[in-house]
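This document starts with two versions of one protein chain, written out as structure tokens and named structure 1 and structure 2.
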Structure 1
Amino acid sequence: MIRMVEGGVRQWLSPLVYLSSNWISLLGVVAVTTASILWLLHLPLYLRGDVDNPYTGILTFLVLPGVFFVGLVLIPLGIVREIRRRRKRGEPARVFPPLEWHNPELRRLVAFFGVTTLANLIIGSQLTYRAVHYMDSVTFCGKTCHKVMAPEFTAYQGSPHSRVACVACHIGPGASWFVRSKLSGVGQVFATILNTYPRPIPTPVANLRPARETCEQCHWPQKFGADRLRILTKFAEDEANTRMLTVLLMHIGGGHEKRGIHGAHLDPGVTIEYAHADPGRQTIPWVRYSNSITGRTTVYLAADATPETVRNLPRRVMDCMDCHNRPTHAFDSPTAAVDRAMAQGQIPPTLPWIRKVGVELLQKEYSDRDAVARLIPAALEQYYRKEHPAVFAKFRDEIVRAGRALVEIHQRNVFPEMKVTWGTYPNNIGHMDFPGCFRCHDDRTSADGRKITQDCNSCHRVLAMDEPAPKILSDLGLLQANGH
């Protein structure tokens, strides 16, 4: 009886004998046990409903099963290879060693399983917990692939969203989108390692999740509505850097207002689709407005388009991102950046000619970031020394400060390694530096005489434009000697 049981067990265990002597199967065993144990450790996290964390899901749904199945395949693979090898050499198939403790082969096997399991338990519990948190962090997204993400990470740091995690917009909550984004992420990781990723990183992001599912975690349309006063400060290219103020009352709309910018595109029932002629979505020859509540559908064609020329173009449903494509990675134009730095005082507005020469220096080409840091301050000093010696004598400190601020502006916006320079990434809000709203709002007319309007007061009321001292601001008590 005992002998029969022993024989059965032996037979059943006999493949194991090959494990101790071939490294492929050993590797498989390690993989399988590691994955199983880590998965078990993850289970409680999952049962508690922590699915909102995309990386928990990546680990439990993608990485661990991947490791597990690879391990499962490796075990028989190693055994088959071992049997073949022995057969080739004419060695007899091995019999199972006696199950006795003094047999070194068995001891090795037992010790091996014991040590790896213990190590898995200790290391695994620590590592997974931390890895999940780490991968979710801005540090991981922005810094791990430092060079690749440097432009986006830099712009992000100074943005209204600098406290919002990258994954909140790029992946969002729920289980299906992290799988999608991580499947493409695997490709991106390889591209980074192999150094084959595109420079600059192309925009728009092709597989970005629809904005309404990400942005609306924090900004829901019902909350919009009130008009918003925007005061833009600019400086002229004259000796005195004359300050000019533009005042706009933005008709944000939406929410309960049922009008305005958000209302026109996002109110319940409204769907706006468009066809774009370029991958960057900058040329939009066809737009269709439909409203399921009023039942109206209107098709607009650009002046130079016909139904035939737009038939095969890719289409898209408009969402937040078609206007707010730079909510956080906002790069400036040289003029906008210098205006802002002057308004905030980093570049002293009292320094004669600085608006003009500052912008010129930013627009020059430099080989790398070190060259920028050396050449801009030197060129600025040289300019004043040669062209305006009196200014140079009087404004030494200001010139040094301005030089430093210009270097900072350049390094925040231009990334030679990533081929990102002024204007690489268009900003679709507005219509000054890029077509933006005017991609559609060019007064194009539908067959029944409706328009996508370019009326200056439909999106904003222009309360003042490039005035040194707008009356509206003094009326509101907002006009001050410095700043606005």
Structure 2
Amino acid sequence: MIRMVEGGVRQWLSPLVYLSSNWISLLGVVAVTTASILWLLHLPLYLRGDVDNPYTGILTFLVLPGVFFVGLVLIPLGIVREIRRRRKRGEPARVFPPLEWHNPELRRLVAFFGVTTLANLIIGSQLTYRAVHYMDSVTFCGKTCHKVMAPEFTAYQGSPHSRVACVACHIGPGASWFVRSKLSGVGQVFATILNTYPRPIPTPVANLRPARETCEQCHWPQKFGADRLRILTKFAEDEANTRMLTVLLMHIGGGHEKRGIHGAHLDPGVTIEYAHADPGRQTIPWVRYSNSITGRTTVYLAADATPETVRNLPRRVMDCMDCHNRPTHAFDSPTAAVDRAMAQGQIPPTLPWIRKVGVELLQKEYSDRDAVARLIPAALEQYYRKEHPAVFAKFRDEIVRAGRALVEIHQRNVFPEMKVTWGTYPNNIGHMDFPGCFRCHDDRTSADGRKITQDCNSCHRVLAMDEPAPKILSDLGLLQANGH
């Protein structure tokens, strides 16, 4: 037994020495002290906000809090074990000073515990707060689990929402969804550690928060949207890569204007429900339109559906995410990606057959991203060296630039290690690369003869279709003399 010494520093230190006189408690003291010191050393990072490195963040906000709280548990665990061990040996134990307030040893012990507990609470709360804050950051979501989330994070960086934090859409405001996301995240962490996560990562359509509570914090779909001019550029697969323009006048609508895309789907009083036959909600055999203002309710069935076949299918109330299902994590088709790169000059349209050859190179299978970076530029150079030697000799720099652009396109959209390839994630906006609008707008008929129209003019007016120099653009002054 440790003999209590009267007076001086040794008397003040005796409770600490006693409580730390077993190896478990000593280990706990070391863990708490180490975590606290490292936390103080990382304090400048807090003040500067310099937590962009994901591995620094893991150390600062995940490892240190774990070590800190494990140490706090070990200290009393060691004390309890030591008391039981002494009792089994039959030693006369004076475990604590007499429980009388006038005893100075008891008051010092209480003061010691009070000060250390307060310090631990302050440090622990800061670590916990910072850990939660860090786990809500874009850095954590996109970089910490870099292999798992590489496709989504890559698409996010080039999206219209690249300055919006992941949690703003995936969690949103409020405590209930915050807690739900953290509980869900526990399983995802274990799946990452155990390497049991699915490949590709499925789109989380089943557990996304309703768009009214996330998207509509910034967007107001009921607001009237005037018609908008949209110009689509694509290139033909011919030697000259002939540029063709499609001009659409998009009918956005909304508000109390009972027309346009938003007006038809989001007008006040309108509720649209649907049943889907697949987890990705791409096959929709049943739709119900309800209008609380007019009292109208209409049910539409697909041609191959019956009331019996759709009765047990899951149903959902339509919201923004049913059309805008890839507002941030959007992936291109190879044709659309090459067309855009050519329109922006990243791939020179003057190279003969570059549109056709570029798309073919993108659609080939490659073992990994290193192979893509090596094989695509080599294959492109080999093509021009063999088929167009004069072009290769004159425009070699442009061919190299085109090869780099094709590699960038492939690496933005295809991730072999995650089994993400062209078309893995459907985009429901439009109807060019995926069914999109036509999941419902397929001219299906209700019992009273109404149709969900497939008429192009209900959503947009086609002002020009695949024309090299549309007159409408010339009239509006949007077509330059050189045709670009």
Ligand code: HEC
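Here, a residue number simply tells you its place in the sequence of structure 1, counted from 1. The structure displayed is predicted, hence computed values, not measured ones. By rigid core we mean the largest C-alpha set that fits within 1.5 Å across both forms.
Each of the two structures shows the same chain on its own, and it is structure 1 that derives from the form predicted in complex with the named molecule. The Cα shift for I75 between the two structures, taken after rigid core superposition, is 2 angstroms or larger.
In the core-superposed comparison between the two structures, R85 has its Cα shifted by at least 2 Å.
Core-superposed comparison between the two structures: the Cα of V30 travels 2 Å or more.
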